[in-house]
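Form predicted alone, single chain, as structure tokens, below.
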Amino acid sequence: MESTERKILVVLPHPDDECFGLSGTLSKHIREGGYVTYACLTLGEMGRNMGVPPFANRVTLPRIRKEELELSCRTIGIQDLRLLGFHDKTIEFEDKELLDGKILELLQTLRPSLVYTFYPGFSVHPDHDACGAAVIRAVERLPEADRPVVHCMAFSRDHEQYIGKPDVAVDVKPFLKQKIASIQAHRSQFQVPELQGNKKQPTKEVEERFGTERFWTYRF
């Protein structure tokens, strides 16, 4: 996929939501001249992973996850990180007018041509689904001619049975260095054995597992 996108908005609920499914694609957009704003709804403060061995606790986790997100964004090259201040694990219960309004404000201010989020109903975690649903509601409030394209991530069991196969596949093998660094930035949350160490070149196994990112274009 050759990118022609210049203004890209990413809306995801947690620090680390960007790393596995989207970081390579964002690095590619940025390499090709894109400007990425990443709006992260929460600090993931209710997460139960504290590192191995543990180096975080319930008090320090929000700060640590914020720092990990900032490092991840730097490794990807993201130019604009916005922290929207919602509460982890409660997105589905947030005031919809407030949540949708914050996202709509970003859409109207930034006027992105492409938005990335989770596919509502097919993204496993309630916060993922609620975030995706809020993005779709906000985009629907724009005049049809002003709506950006929305690319969604999905990975629930049997999701292809309901939404079909992804219509966008991005070869991110040239951006595995950035993607691996993004994953490793979230060290309180993930320890991926095949990514440990300082290998100069990704192995074939790593390329096969992490080298393609897939998206569904949301049909309004």
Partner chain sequence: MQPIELGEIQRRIDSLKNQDLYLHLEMTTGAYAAHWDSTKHPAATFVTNAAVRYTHGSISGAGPYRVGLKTEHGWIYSEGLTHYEETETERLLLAGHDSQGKLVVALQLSGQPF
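Everything numeric here is computed off the predicted structure, so don't read it as measured data. Residue numbers count along the first chain shown, from 1.
Keep in mind the form predicted together with its partner chain is missing from the figure; the text below concerns it.
The listed set Pro174, Pro54, Gly33, Gly164 contains one residue whose heavy atoms approach its partner chain in the predicted bound form to within 4.5 Å, identified as Pro54. Interface residue among His125, Arg82, Arg137, Arg147 relative to its partner chain in the predicted bound form, by the heavy atom within 4.5 Å criterion: His125. Proximity of Arg48 to its partner chain in the predicted bound form falls within the 4.5 Å heavy atom cutoff.
Remark: Lys89 counts among the residues lining its partner chain in the predicted bound form, judged by a heavy atom distance of 4.5 Å or less. Remark: Ser156 counts among the residues lining its partner chain in the predicted bound form, judged by a heavy atom distance of 4.5 Å or less. Heavy atoms of Val59 reach within 4.5 Å of its partner chain in the predicted bound form, making it an interface residue.
Residues with any non-hydrogen atom within 4.5 angstroms of its partner chain in the predicted bound form fall in just one of 23 to 31, 65 to 73, 175 to 183, 148 to 156: 148 to 156.
Shown here without its partner chain, the chain has no residue in 23 to 45 lying with a heavy atom within 4.5 Å of that partner in the predicted bound form.
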